[in-house]
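The data below hold one chain only, encoded as structure tokens and taken in the form predicted alone.
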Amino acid sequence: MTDTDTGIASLGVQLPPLAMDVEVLAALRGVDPAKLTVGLGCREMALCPEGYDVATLAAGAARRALARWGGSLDQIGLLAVGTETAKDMSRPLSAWLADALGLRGAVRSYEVKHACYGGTLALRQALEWRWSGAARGKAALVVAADVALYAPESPGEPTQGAGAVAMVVEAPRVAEVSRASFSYSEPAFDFWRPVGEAYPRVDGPLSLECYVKAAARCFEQLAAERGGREALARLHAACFHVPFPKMVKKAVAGVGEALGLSDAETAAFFEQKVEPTMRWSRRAGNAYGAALWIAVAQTLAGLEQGTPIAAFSYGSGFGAELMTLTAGPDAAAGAWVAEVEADLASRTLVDADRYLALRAAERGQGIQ
């Protein structure tokens, strides 16, 4: 095997042990639950208990990916963590992860920040490191991990979530990733968190506008290079970053308009190739950088080798990238599914009192 024989060799997903039904939140905040379940498309928000944070999530996902990969830590030459849930303004989250894993030595270790796009950038950097030959036979460990929290009673509160996805980048056993990708960016203040502030600021209408525009521009590039609207027809599925499911539906509408699809064609594309990818997302909530990759992990599981899917990543600020993946020989077994289903089955659904206690304890946990 050479460095150019590269893709996702193994992956692991970790969800935290608590969650809250958004209808419970609606009752707590005095809101019509249909605004959350129908208007936003949300179902549950994953939550972290006290003492359990983004580093815990990252380590859990990484251990699962490494155990299935079968290689040893001395074969890892790059560790990159994409996150916007910083534990420190200088020390990278990768240092906490390396400490948890016992990973040290001749390893390039760092953190990538670009809102919800950071995990994708970390993956692309790892792939390009391998493709370039700079890896000299080593593998990379990439983790997208975040805990999404908004100010209590803010519009974003129902979309909260948490999760981590880890990927070993080496032989394309789980998925091959196309070298060609399609990017788009513009500077914007659609979502940001100034230094020293505990919660993000969001310009909701602008955020939606940027997200829809980015999706349209990236899919236009895909169509221009790969045969127009037929490029969509060849995809088994299209995974999107999931701030909340209805936002994805609006983005798909923008893509359909940009590519000249009829309303019926756009609706069919969403219902057949996008909606099914968000089953785990509805139960995890917005896991920021991990949100897209939770959808990708769900979608790859069970696919026959050679099946193509798309993955659209968006991060506020704003930057976006669309790539295509092809299922590898290990995708059909979907070994990571049992772990996710166990996480979902074993977690505790919290009531309003427990939720309020968790929110009161946030600053003490260092979740900001």
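Model, not experiment: these values are computed from the prediction. Throughout, we count residues from 1 along the sequence that is shown.
Below, we turn to the form predicted together with acetoacetyl-coenzyme A (CAA), even though it does not appear here.
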query: Output flag, 32, 150 and 316 jointly within 4.5 Å of acetoacetyl-coenzyme A (CAA) in the predicted complex, heavy atom basis; finding: yes
query: Stretch in contact, per heavy atom within 4.5 angstroms of acetoacetyl-coenzyme A (CAA) in the predicted complex, of 251 to 259, 222 to 230, 162 to 170, 286 to 294; finding: 286 to 294
query: Contact flag, residue 38 vs acetoacetyl-coenzyme A (CAA) in the predicted complex, heavy atom cut 4.5 Å; finding: yes
query: Residue contact check: residue 112 to acetoacetyl-coenzyme A (CAA) in the predicted complex, 4.5 Å heavy atom; finding: no
query: Partner proximity in the predicted complex: residue 176 to acetoacetyl-coenzyme A (CAA), non-hydrogen atom cutoff 4.5 Å; finding: no
query: 4.5 Å heavy atom contact, residue 155 to acetoacetyl-coenzyme A (CAA) in the predicted complex; finding: yes
query: Single option in 76, 237, 127, 202 placed near acetoacetyl-coenzyme A (CAA) in the predicted complex, where near means a heavy atom within 4.5 Å; finding: 202
query: Residue among 247, 121, 135, 274 with a heavy atom within 4.5 Å of acetoacetyl-coenzyme A (CAA) in the predicted complex; finding: 247
